[in-house]
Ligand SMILES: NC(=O)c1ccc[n+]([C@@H]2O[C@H](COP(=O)([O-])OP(=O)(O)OC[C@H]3O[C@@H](n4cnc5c(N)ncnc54)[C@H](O)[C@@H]3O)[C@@H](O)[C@H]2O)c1
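Shown below, as structure tokens, is a lone chain in the form predicted on its own; questions about how it binds or moves come after it.
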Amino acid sequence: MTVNYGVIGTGMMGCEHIRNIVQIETASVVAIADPSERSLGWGQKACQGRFTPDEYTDYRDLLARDDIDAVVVASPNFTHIDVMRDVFGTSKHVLLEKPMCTTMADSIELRTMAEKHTGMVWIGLEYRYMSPIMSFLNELEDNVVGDIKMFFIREHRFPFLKKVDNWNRFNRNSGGTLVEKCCHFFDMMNLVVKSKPVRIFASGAQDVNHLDERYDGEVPDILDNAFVIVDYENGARACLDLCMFAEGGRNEQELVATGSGGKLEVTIPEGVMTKAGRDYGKFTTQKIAMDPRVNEVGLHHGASYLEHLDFIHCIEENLDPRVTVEDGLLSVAMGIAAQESIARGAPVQLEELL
């Protein structure tokens, strides 16, 4: 069986998906859609000569085709809800890029529509598929640290890249930094802690990046650094340390899970996992190799490739999605709550949003 894809949005992330699909023998890109002719050219180039997909400036023409099995929605964040309303008028499977939506109202509407959709709805939280993170999660499943009490994520990285028409420079388009970027990390927290997030307290600001930029006279308003603390129903806590003016350094991400029996750490992109019990100074380290199935490393250390393998497998076997609409909704809610906490200067109870 060959899964025929249509890709809606052929900017940076849409082309990332195409480059990964190109490397999968049982997949084909038969159509791409984007209102920008320039972006459509990028999409054709990403096909590397293996495919020559039909081009559409109106994604609804792509959705009308009967020969498309699955759709990737990689259009700007603020367009997700409108595109998905039309996707839900079909029976096609869909991989919707993160964040699922930019507001709670849209996220809840999407969840309601998805419940009636006959195709599979998969949310593109692909950080789960990075080889170091998969190894980290597998170790935690074996209870190597005991009862998890604390989970810490640090991402120190480069500023937001430029996107078409600079849409990602404004909260109203992206959902805000803690939704757009950090939904990945809130999803990770939920996977590790395995409990219900109940309260979020955050502090953050726009201190360095994009302050000298102007778009139609407007200064970008996206945060470039934050601390976020999440309290869980089971008493565990998680913390995110985000800085987007920290390009230097050995690793972009560090994850640390600490429990009653020890702690587990992993670094990305270095891919080193460190395991320790409660004995002072005693630990072991392990280099995590790239998953041998990966044929395209891409922008996410092979994660997008493995995500598509799993997506295709679930289509072929008629399985439920591995990354659900509920996962996507909760990751958005946590980001919105964190940004609301910064605005209020006080903790936010997640039930206020849900």
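Please read all numbers here as calculations on a predicted model, not as lab measurements. Residue numbers here begin at 1 and follow the sequence given.
Note that the form predicted in complex with the named molecule isn't included here; everything after this is about it.
- The named molecule is not drawn, but in the predicted complex it has no heavy atom within 4.5 Å of Ser107.
- The shortest heavy atom separation between Gly14 and the named molecule in the predicted complex is within 4.5 Å.
- Proximity of Gly335 to the named molecule in the predicted complex falls outside the 4.5 Å heavy atom cutoff.
- In the predicted complex, none of the heavy atoms of Met134 sits within 4.5 Å of a heavy atom of the named molecule.
- Looking at the named molecule in the predicted complex, residues Pro35, His80 and Glu180 each place a heavy atom within 4.5 Å of it.
- Shown alone, this chain has one stretch from 27-35, 281-289, 63-71, 318-326 that lies within 4.5 Å of the named molecule in the predicted complex by heavy atoms: 27-35.
- A single residue from the set Phe88, Tyr232, Phe152, Tyr127 has any heavy atom within 4.5 angstroms of the named molecule in the predicted complex; that residue is Tyr127.
- Contact residues in stretch 55-72 (any heavy atom within 4.5 Å of the named molecule, taken in the predicted complex) are limited to Tyr59.
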